[in-house]
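Just one chain follows, in the form predicted on its own, and it is written as structure tokens.
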């Protein structure tokens, strides 16, 4: 039976007192670290189109899927998705929730209504998460038709929040 031998590494271990007595050379500094996020090709174009008040998706030439938000590769067949497709700013409520507490834990008397909205022109239907507005909570239904309410052009920044909310489509 072999026994493992522990090798001794040359050197001296450091103690907290070595730092306090300045036996070890060191420096302290506050880094000037600045971070940026690159949206990439697909989401970059999506955000630019939102700033212009338009929705855009991509179609997979192989699967014939049309999705929003756009992506570079199809997660079904792993082929490139590079056929840009303008989409209407209308859709159908797929699911929703009545939220009486905000993301930062503030209580609300009137609920926020986040919903997954299947955007018209996607195939099979693909949804985005956004808020519903101009609707009473008890009137919201799965299958309800909705349309985007956009911020004025001068207030848009290239964010999903350029859409204030989705409201019910007024039939007639």
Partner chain sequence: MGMRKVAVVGAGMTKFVRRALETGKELAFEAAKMALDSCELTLQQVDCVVHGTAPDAFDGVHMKGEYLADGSGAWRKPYTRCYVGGGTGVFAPIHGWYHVASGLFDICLVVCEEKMSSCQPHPQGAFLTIFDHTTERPLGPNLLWIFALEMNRYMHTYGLSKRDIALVSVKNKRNAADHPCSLLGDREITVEDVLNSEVLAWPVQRLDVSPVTDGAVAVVLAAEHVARRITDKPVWIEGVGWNLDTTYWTNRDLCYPRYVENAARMAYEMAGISEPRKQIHIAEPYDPFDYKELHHLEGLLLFDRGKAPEATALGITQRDGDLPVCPSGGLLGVGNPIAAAGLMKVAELFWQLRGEAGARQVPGQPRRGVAQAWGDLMQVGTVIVMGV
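Take the two forms, find the largest set of C-alpha atoms that superpose within 1.5 Å, and that set is the rigid core. Please read all numbers here as calculations on a predicted model, not as lab measurements. Positions refer to the first chain, counted from 1.
This protein has a second form, the form predicted in complex with its partner chain, left out of what is shown; the following refers to that one.
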item	value
Contact flag, residue 112 vs its partner chain in the predicted complex, heavy atom cut 4.5 Å	yes
Residue 8 within 4.5 Å of its partner chain in the predicted complex, heavy atoms	yes
Touches its partner chain in the predicted complex: residue 107 (any heavy atom, 4.5 Å)	yes
Residue contact check: residue 149 to its partner chain in the predicted complex, 4.5 Å heavy atom	no
One residue of 116, 63, 135, 56 in contact with its partner chain, assessed in the predicted complex (non-hydrogen atom, 4.5 angstroms)	116
Any residue of 112-132 that, in the predicted complex, places a heavy atom within 4.5 Å of its partner chain	112, 114, 115, 116, 126, 127, 128, 129, 130, 131
C-alpha of residue 18 moved at least 2 Å between this form and the one not shown on rigid core	yes
Residue 138 C-alpha shift between this form and the one not shown of 2 Å or more, rigid core reference	no
Post core alignment: residue 27 C-alpha displaced by 2 Å or more between this form and the one not shown	yes
Change in CA distance between residue 151 and residue 104 in the predicted complex, which is 3 Å or more, as closer or farther	farther
Shift in CA distance, residue 161 and residue 33, in the predicted complex relative to the form shown here, given it is 3 Å or more	closer
